[in-house]
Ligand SMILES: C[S@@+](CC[C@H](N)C(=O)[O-])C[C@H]1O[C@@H](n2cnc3c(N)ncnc32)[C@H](O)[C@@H]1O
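Before any questions on binding or motion, here is one chain by itself as structure tokens, the form predicted on its own.
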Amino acid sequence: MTPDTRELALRFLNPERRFDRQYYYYARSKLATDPLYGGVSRALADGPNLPILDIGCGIGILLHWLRAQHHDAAYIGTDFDARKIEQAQQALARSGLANARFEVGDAARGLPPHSGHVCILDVLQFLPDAAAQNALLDQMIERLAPGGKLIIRTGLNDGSSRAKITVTVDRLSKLWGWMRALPQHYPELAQLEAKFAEHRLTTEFTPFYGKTPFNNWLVVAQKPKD
């Protein structure tokens, strides 16, 4: 059953600032058009009920979708943008959801202790090169529990027209002030496949465009259960 996206988006509307509705409209648009949240929910539904680390969580939309889909595992969301974490914390307080928290954290400087599933959605392209991406991938894989899944949404550097649109919009997001950093390096399919093979993870790569023009892919890499 699809959650009521308007009800979820209303959690991002501050009743004390009635005319500041940017986070409400952003959340409602994302929930209505982006297949990401449903994709992550389905990927988690096929795995064990483990704690979730959401790296680059933004304002925390994923948590609200997952709870509406009855994923009740412990959740921690981190993002290096303090203003987004503040919005995530406020929405969490308004929702009354339990067993979840948000904190400021820069993935490029290390990850918090964790054992379970790991999500990193629309983040890898902000690292400077493949070496930095691989180093972060190693850290995330270390935090997978047996049977845990690393769920990635990323654009891929494959020379397609969608890839060019993705780069352009990411750059505009920085100019508009929504993103604090410019994209620097989009991973290649072969790079990710090699890293997962190194750690003996089973993987699935799925084109995940939805109603968008972007070259988005959903990548699910699972650690063996034994």
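Not measured: the values here are computed from a predicted model. Residue indices: 1-based, along the sequence shown.
Form predicted together with the ligand: not shown, discussed below.
- The three marked residues, D158, R162 and F205, fail to reach the ligand in the predicted complex, with no heavy atom of any inside 4.5 Å.
- The contact residue chosen from A108, I141, L92, A73 relative to the ligand in the predicted complex is A108, the criterion being a non-hydrogen atom within 4.5 angstroms.
- The closest non-hydrogen atom of Y37 lies within 4.5 Å of the ligand in the predicted complex.
- The closest heavy atom approach of L137 to the ligand in the predicted complex falls outside 4.5 Å.
- Although the partner is absent here, C57 lies within 4.5 Å of the ligand in the predicted complex, judged by heavy atoms.
- Interface membership of H114, defined by any non-hydrogen atom within 4.5 Å of the ligand in the predicted complex, is ruled out.
- Contact annotation for 75-100: residues with any non-hydrogen atom within 4.5 angstroms of the ligand in the predicted complex are D79, F80, D81, K84, listed in sequence order.
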